[in-house]
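Here's a solo chain for you in structure tokens, the form predicted on its own.
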Amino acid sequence: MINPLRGMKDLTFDDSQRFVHIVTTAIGVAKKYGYGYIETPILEETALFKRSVGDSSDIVSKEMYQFEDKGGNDVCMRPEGTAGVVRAFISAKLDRQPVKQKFYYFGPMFRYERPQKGRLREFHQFGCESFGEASVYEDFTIITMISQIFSELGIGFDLQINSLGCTACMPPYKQNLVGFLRETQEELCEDCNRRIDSNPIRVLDCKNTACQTLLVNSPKLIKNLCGECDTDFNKLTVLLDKAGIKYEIDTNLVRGLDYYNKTAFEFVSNDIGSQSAIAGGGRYDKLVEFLDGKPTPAVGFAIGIERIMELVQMPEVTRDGIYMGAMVEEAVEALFPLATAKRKETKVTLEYNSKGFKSHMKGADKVKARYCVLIGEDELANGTVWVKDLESKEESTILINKF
């Protein structure tokens, strides 16, 4: 028997229903905020992610499914969604239009990492990207939208926020941070030592417990923000306070990707084992320009669908649609035109084999049908159908051409 690859998982039965419920709920909320659907290829040039996510990130250096295709092109399976959406935004020349653009997407992402609960090599994300709005009000709106999605899904969360500054306040902060890291270099892990020169900010994202203990005393970017970044971050906290959205300022929150600036945030949950991110995002005002587009402010987020699967409160299943069955073999074909007509209006489950009354009732109950419609010997002779409303328990016999 051929099994799924390690870290890859089929979506079937209850999981598939939960997946659809999550995506449908998220799409419903996103549309209310003015977002439209975008679909980007799963396979992209490797250069797209090296330039956007960053060579020093774990995603690029360790986790990408990268290979050379038959045409000699260096390609990879997308490890995240934002870079592809930005590439599509530029390819369609939307960066040259004055209209602000908002997109939502969902689909599979791929990272070669050790599979564990809620973390797969093929996983799914729902995300939103907003282009053309520089105001911190948009950052707040994005966070509000995620809060609404989780509320409708019945998921509790803790919100962590930080500011990553801009091109004015980041360079001097990096110098201070590198000075601190040099002093503690011998005690830092191998990855952190490698990043001191390549991307010192990423050291703050290290998951090594010993490194995190050392970084408690590191310089904090939030205390070294320029006037504009400081004003925006303070405004964000005021907006969150007024909206009643609780949050914690995490001065070491930098996200795992290089393209973020100013606002960064994560939604985390303690209900999936150790505290873990279930959604995250922030502002990336320079990424469009960095990928050769016209300078465009942008902010977005992604939700890890597998991360929240077991947290989702599924709505109560209600009876829906029609179950149709025949109690004599001669009546089976009489049901086909009736089922075809009714499928223009509602869901129809058609049983091809003739069965007894009790068997059909069990079949209707199994598929949670609202109505059970049967044709027996008498109904076939009279051109009628027997109908039972499985909620009200009312029964009736109706002419086929009137049903």
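The first residue of the sequence shown is number 1, and the count goes up from there. Owing to the predicted nature of the structure, the values given are computational and were not obtained by experimental measurement.
The next section is about a form of this same protein that is not shown, the form predicted together with a small molecule.
Participant: With the small molecule left out of view, which of Phe103, Phe157, Phe301, Phe106 would have a heavy atom within 4.5 Å of it in the predicted complex?
Facilitator: By the 4.5 Å criterion, the partner-contacting residue is Phe301.
Participant: Using a 4.5 Å cut on heavy atoms, which of Arg202, Arg111, Arg87, Lys262 is close to the small molecule in the predicted complex?
Facilitator: Filtering the options by heavy-atom distance leaves Arg111.
Participant: Whether Asp232 contacts the small molecule in the predicted complex should be assessed with a 4.5 Å heavy atom distance threshold; does it?
Facilitator: Contact check for Asp232: no, nothing within 4.5 Å of the small molecule in the predicted complex.
Participant: Any of the heavy atoms of Gln125 lying within 4.5 Å of the small molecule in the predicted complex?
Facilitator: Gln125 belongs to the contact set for the small molecule.
Participant: With heavy atoms only and a cut-off of 4.5 Å, decide whether Arg119 touches the small molecule in the predicted complex.
Facilitator: Arg119 belongs to the contact set for the small molecule.
Participant: Flag Leu236 as yes or no: does it have a non-hydrogen atom within 4.5 angstroms of any non-hydrogen atom of the small molecule in the predicted complex?
Facilitator: So Leu236 does not count as contacting the small molecule.
Participant: Only one of 188-196, 216-224, 282-290, 93-101 has heavy atoms within 4.5 Å of the small molecule in the predicted complex; I'd like to know which.
Facilitator: The contacting stretch is 282-290.
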